[in-house]
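A lone chain, given as structure tokens: the form predicted alone.
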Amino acid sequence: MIGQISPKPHIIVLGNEKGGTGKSTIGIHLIIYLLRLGFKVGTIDVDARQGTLSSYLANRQAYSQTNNIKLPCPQHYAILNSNLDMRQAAQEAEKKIFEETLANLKACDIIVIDTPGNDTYLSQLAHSYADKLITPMNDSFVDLDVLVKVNTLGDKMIKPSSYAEIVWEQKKQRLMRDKITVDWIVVRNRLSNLSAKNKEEMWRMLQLISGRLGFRLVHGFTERVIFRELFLKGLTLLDVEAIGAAFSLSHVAARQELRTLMQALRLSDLDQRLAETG
């Protein structure tokens, strides 16, 4: 397992300064997948004001207790922004609680951190501790703007976006502090099943800028109801069999998308575990 390779947990950060990209959906499926593979998983929600991940996990525990079904759950913490007036004091307080939370999760194999869709000190701090940074984005030039500014023809990068600059700075912080290079993964998410010129242009542009900005490009989830419909129960498609629900061909296709994404993350020792689970 990962803990045998490194004495520290492997930290996965979900980050994007735009909402509606499926960040929390990818996050919760990633978490439950890892738990069902037998990994010890800790989770931190530094987007606690919105609290999508925290709500999902609370719904999950409530469903488990109400229905007397044992469902795997991570060790979870939610961190709120400091309410101190002085900026420096607030940041020091946030850094202290964030590092204390990491220390509380030191026995985990993997820590997954969900960040807000805006620039905060806690979000930047989380990025600076990432081993892997996952940035989901919808297949549109509107979402491309979170990474780069492009010309009016959409075929040339003008400059990196403010978020890309933040990622660059936090990757430098990670390298300087821990001598670790962040593996940045951009996930094309909520893909349409229909072929379109816009999709082809997006793919070409993302490939073009991936080397410039230093990220890997992978496919995420197709737009499917199954990825959203179980939120109120705190369930994922990986729980369908456990709760005795009907399993459809759509579920099979969705599970394969999740497996493909997991393999693309290149977590140490995970490929063997994936092979063993069939």
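Only a predicted model underlies this, so the values are computations on that prediction, with no experimental measurement involved. Residue positions are given as counts along the sequence shown, with the first one as 1.
Unshown form predicted together with a small molecule; subsequent notes refer to it.
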Can you pick out, from Y33, F227, F39, F215, the residue that has a heavy atom within 4.5 Å of the small molecule in the predicted bound form?
F227
Proximity of H10 to the small molecule in the predicted bound form, heavy atoms at 4.5 Å
no
Just to confirm, R190 within 4.5 Å of the small molecule in the predicted bound form by heavy atoms?
yes
Contact with the small molecule in the predicted bound form for E223, defined as at least one heavy atom pair within 4.5 Å: yes or no?
yes
